[in-house]
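As structure tokens, one chain now follows by itself in the form predicted on its own.
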Amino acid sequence: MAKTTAKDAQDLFRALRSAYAATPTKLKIIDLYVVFAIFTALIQVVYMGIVGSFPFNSFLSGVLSCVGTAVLAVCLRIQVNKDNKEFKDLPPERAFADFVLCNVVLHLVIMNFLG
């Protein structure tokens, strides 16, 4: 049973890797940005766990900024993806402009929350 599970996991990993190899470079860059934002949020949570959360508003602002940026980047990835039929009429420039505008609004709210 354990051998078939390991073999199935290896087959799944190979299939995902071969499918991701066909992904356009623009989408891979957005994926890297999402991973970086989530990794930054995790570093902040670990730091808060080790050092403490004295300025709690600052901690929340930092983590919510990272998570919000990652969510907006995922939305950008969905809109820019050519395989997605729902946004086929939306030009990539418009999707990027929406991403930038939403990031500006997000970070204005985050700066306001900092106090």
Partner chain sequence: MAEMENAKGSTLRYACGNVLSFFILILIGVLAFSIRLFSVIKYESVIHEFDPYFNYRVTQFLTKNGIYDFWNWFDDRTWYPLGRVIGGTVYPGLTLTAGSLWWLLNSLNIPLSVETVCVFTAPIFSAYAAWATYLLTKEVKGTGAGLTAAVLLAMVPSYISRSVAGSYDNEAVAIFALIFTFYLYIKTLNTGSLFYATLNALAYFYMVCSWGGYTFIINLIPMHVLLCIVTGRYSSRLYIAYAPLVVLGTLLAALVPVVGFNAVMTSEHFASFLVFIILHVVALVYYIKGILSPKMFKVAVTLVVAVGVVVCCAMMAVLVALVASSPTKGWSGRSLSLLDPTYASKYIPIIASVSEHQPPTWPSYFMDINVLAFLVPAGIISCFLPLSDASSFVVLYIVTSVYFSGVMVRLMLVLAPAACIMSGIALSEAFSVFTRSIKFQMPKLLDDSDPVPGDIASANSVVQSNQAKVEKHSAVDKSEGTLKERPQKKSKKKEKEPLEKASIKSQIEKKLLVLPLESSVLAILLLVLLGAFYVVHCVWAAAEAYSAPSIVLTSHNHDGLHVFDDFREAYAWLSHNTEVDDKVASWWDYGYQTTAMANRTVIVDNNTWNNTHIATVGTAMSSPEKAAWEIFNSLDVKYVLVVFGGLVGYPSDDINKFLWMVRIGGGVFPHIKEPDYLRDGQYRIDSQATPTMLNCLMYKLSYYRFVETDGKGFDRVRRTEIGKKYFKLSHFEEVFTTHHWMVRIYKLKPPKNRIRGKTKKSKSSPKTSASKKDDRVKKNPWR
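Bear in mind that the values here come from a model prediction, so they are computed numbers and not experimental data. Numbering follows the first chain given and starts at 1.
We do not show the form predicted in complex with its partner chain, though everything after this point is about it.
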> Might S61 be said to contact its partner chain in the model of the complex, defining contact as any heavy atom within 4.5 Å?
Replying inline: yes
> Closest heavy atom of Y33 to its partner chain in the model of the complex, within 4.5 Å or not?
Replying inline: no
> Should Y47 be counted as a contact of its partner chain in the model of the complex, where contact means heavy atoms within 4.5 Å?
Replying inline: no
>> If we define contact as a non-hydrogen atom of the residue within 4.5 angstroms of the partner, is Q79 a contact of its partner chain in the model of the complex?
In response: yes
> Looking at V51, L42, V67, I29, which is the one with a non-hydrogen atom within 4.5 Å of its partner chain in the model of the complex?
Replying inline: V67
> Can you name the residues of 91-111 that have a heavy atom within 4.5 Å of its partner chain in the model of the complex?
Replying inline: R94, D98, F99, L101, C102, V105, L106, V109, I110
